[in-house]
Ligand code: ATP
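Here's a solo chain for you in structure tokens, the form predicted on its own.
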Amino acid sequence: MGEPLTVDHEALAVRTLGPCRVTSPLLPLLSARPTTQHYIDEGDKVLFDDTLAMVSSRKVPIEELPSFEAAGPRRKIYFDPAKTRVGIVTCGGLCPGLNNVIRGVVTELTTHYGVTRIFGFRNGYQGFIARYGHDVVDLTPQTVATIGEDGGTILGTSRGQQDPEEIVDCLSRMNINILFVIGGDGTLRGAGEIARVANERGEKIAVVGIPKTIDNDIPFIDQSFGFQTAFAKASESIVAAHAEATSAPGGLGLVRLMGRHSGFIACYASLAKSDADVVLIPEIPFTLDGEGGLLNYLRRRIEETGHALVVVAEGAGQELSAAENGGQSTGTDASGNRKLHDVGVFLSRRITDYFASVGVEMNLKYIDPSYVIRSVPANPYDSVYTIRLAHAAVHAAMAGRTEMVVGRWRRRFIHIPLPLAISHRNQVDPSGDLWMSVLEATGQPPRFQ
């Protein structure tokens, strides 16, 4: 992913299509609303740093402190709602809350701004490309009224990039003024290319992203939508594995959870139930063999307590399973992501072989909830979060913001420039307080080595 951008006040500037001259229909709601701990006026900013030490280290005038543009409705907007045409697309893997975001965008546009021409593009970026033959969907408050009750996305999705020139051709033919892109890292990179092409052609098209990833690996946002639903669902597998492990002599539960590059789901699901004895994540390498290795630790744990439970993120231990396969490449998927070795199957085999070699009874139960955690409807928390993100995205787009995403930083809703949002991956900090909590909850050593 490369190194993150230097975060200064210039890196946080959001691009606009031009001056806002149209009076917003929401103006009556905005009168006499000063900045408070619960609301930020459109002229105020949200500081990037949140500790005295971090702010002091900048050594710059207060007006140059890095700060995000606040999200929310503006008194003046760029687009005339009566003449505005909008497109919505969902891309990449499923995530709880996708339908909620679609519903939130449509209802905000129609109810408060009076925009009536809203089109859904089917099956990700393929929906813009003529050769795929996908039709568009007219989105109205009636067609989206109950979609939040279901998982998945009513628009369908796909992986892989398409030619941004062809996508902008489609937007131009349909006279689309605003495009909302709901997706993860690869999708947002595609959105950046769409915005670039539109800008080079002089097209006044606002491209606004709503970041989606159950792995919670988009930087500069507190949490991505759907994450809380996903780890709550994942925690059910930990409960089941614990029941299996404690009900058999030498019981060992092994749960493999999603988390290609970031171990947030494994960490939060484990903390939610506090049954795990070991949590393995991509950010922290581990070894299997030797006195300080994982296998010896599990043997001691079972000999002392009679059972053990391991939670592993799918991206953990890839170098170990790759070495066992002679370093053979697994290739890439349609999004360009490296395909992973199955660490769950790999650990199951190595654990079973080890206990047999040392003559210790062990009964292993392997549970992989896989796609179950991402295809469920959003829970109440994520349902609220998605509608607030949808509102923020609509306000930004109507005000002519482009090449940006909406998110929440230090519990404030903000605008994030797209280059910053795709600059690197958000990962669990081995020196941070989240991993410290995991170590305290499990009792495992900081590293197996």
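Start at 1 with the first residue shown and count on from there. Everything numeric in this text was worked out from a predicted model, so none of it was measured.
Heads up, the form predicted in complex with the ligand isn't pictured, but that's what we're talking about next.
For this ligand-free form, the site is classified blocked because the ligand, superimposed from its arrangement in the predicted bound form, has three or more atoms within 2.4 Å of the backbone and C-beta atoms. In short, of 250-258, 178-186, 265-273, 230-238 it is 178-186 that has heavy atoms within 4.5 Å of the ligand in the predicted bound form. Of the heavy atoms in G92, some are within 4.5 Å of the ligand in the predicted bound form. In the predicted bound form, the ligand lies farther than 4.5 Å from every heavy atom of Y78. Under a 4.5 angstroms non-hydrogen atom cutoff, the ligand in the predicted bound form has R159 among its neighbouring residues. For Y125, a non-hydrogen atom is located within 4.5 Å of the ligand in the predicted bound form, even though that partner is not displayed. None of E108, D368, E283, E193 but one reaches within 4.5 angstroms of the ligand in the predicted bound form through a heavy atom, and that residue is E193. Contacts with the ligand in the predicted bound form, taken as any heavy atom within 4.5 Å, map within 203-228 to K212 alone.
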